[in-house]
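Just one chain is shown here, as structure tokens, and it is the form predicted alone.
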């Protein structure tokens, strides 16, 4: 018994020691905005807001690693990876919130809300962007940058050890782009950063300032939604930058959002010239279907409601908004888009629930699970129609290959989707208890649960703390997905229960 207890204690010390890298990484993240002092020296008064927590975090991480050198885990036990991933995100959010608090413009809850929204790439904000400093605005985008592909993926690509690779898988990265998981992580980073750099260049070409270009390229590829302007992408309208530049900015954003929300393995197949594998991939089919269904509908809404005064403008804005929703980005070319939808709110809500691809920066239930659910439904109906003596195989197309669907795959998929919808209703119910209407609560919470970040009017600096914490929990569940949190809490509960039991046995 003693040996097991010591082993459990040693494991948790090792987990604590592994967080040292996370603490140092978040410390470095908080220092990045200080580079802007070379361009905006008048913002030097905010230097302590970023320098102090950054330096302290790096120093604290170093000390933790220094005092836990002998504690390491070569192979994670059952669900231990989920515990570490959960702790990594909690620690990152807590440290990441410090610059907001120190700026004096956020309460503690608002700072946690903004940081969670940034790291989870939701895009909900309580920031008055028009009156914020460049350092705060860049910091918000940096949270998107690191949270988009996952904090663990970044650590894995840097550390290159087995332990990191186990966490890489535990965070939900299941598709291998290359035979090596290390190379997979780095390949994802190359695609990710390459897309951001390309997007920045294109934005500048279309008369967007370099600062705004960097922020929006990050926001679009990370499918985040933070903007440097109150009107989001709508700020660069034809009247301000010219029709051709405005359309160019919209098209660039649409491409970046689609890249971010597409499975990185599917993107790699497309880059390698395997267009057929990309098109026949089940998630690509779901996305194309939703885009082709929703875009004409939203176009009609924008025309008939008088929001757009021409067919070209309506098609441009409708395509932009539909891609923004299905990619779970939340950037907008139409001011107050959701409140103006009317009858088109239902398909937009469904797109929020579906979301982007697995293995991408997007949120939602994921197009892969929706594809599997409908494919399973088709097979179940078919089995009830055709004679039982005929045995038909069950498969789904993944990256151009037919993959066998097992009964377990179907069952787990149905369970996940059911839990996802239940959490959505519970969150909406919680918002109604805070005085909001059921319709608005449904749309707003599913927007959080899908990391979409489009608001129908609930989100704002005037929200009470209870409402903000409901959204915070929803955003964390959305980013880590349901099973990681359930498995992590189950593992922690089991360890606590076992420890208490061992202590009682020792007393006897």
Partner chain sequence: MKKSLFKRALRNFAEVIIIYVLTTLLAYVLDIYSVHSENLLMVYLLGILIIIMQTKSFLATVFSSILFVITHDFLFLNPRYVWVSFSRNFAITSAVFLIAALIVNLLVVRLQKQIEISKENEGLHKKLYKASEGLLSVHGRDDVIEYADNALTELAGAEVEFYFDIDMHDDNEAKKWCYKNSAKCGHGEVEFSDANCKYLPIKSNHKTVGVVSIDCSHKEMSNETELCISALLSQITIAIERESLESERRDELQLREREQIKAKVMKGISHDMFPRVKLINETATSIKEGKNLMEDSEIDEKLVSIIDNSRYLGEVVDNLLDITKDK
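The model shown is predicted, which means the values in this text are computed figures rather than measured ones. Numbering follows the first chain given and starts at 1.
The protein also exists as the form predicted in complex with its partner chain; that form is not presented, and the subsequent description refers to it.
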Problem - The single option of 482, 56, 64, 473 touching its partner chain in the predicted complex, heavy atom within 4.5 Å - result: 56
Fill in the blank from the handout: Assert contact residue (its partner chain, in the predicted complex, non-hydrogen atom within 4.5 Å, options 34, 468, 458, 442) equals 34
Practice task
Report whether all of 298, 301 and 342 sit within 4.5 Å of its partner chain in the predicted complex, measuring from non-hydrogen atoms.
Solution key: no
Practice task
Could you confirm whether residue 197 comes within 4.5 Å of its partner chain in the predicted complex, counting heavy atoms only?
Solution key: no
Problem - residue 293 within 4.5 Å of its partner chain in the predicted complex, heavy atoms - result: no
Practice task
Decide whether residue 102 counts as a contact residue for its partner chain in the predicted complex under a heavy atom distance cut-off of 4.5 Å.
Solution key: yes
Handout entry: residue 48, heavy atom within 4.5 angstroms of its partner chain in the predicted complex
Key = yes
Practice task
Heavy atoms, 4.5 Å, its partner chain in the predicted complex: which of 56-64, 447-455, 460-468, 473-481 makes the cut? Say which one.
Solution key: 56-64
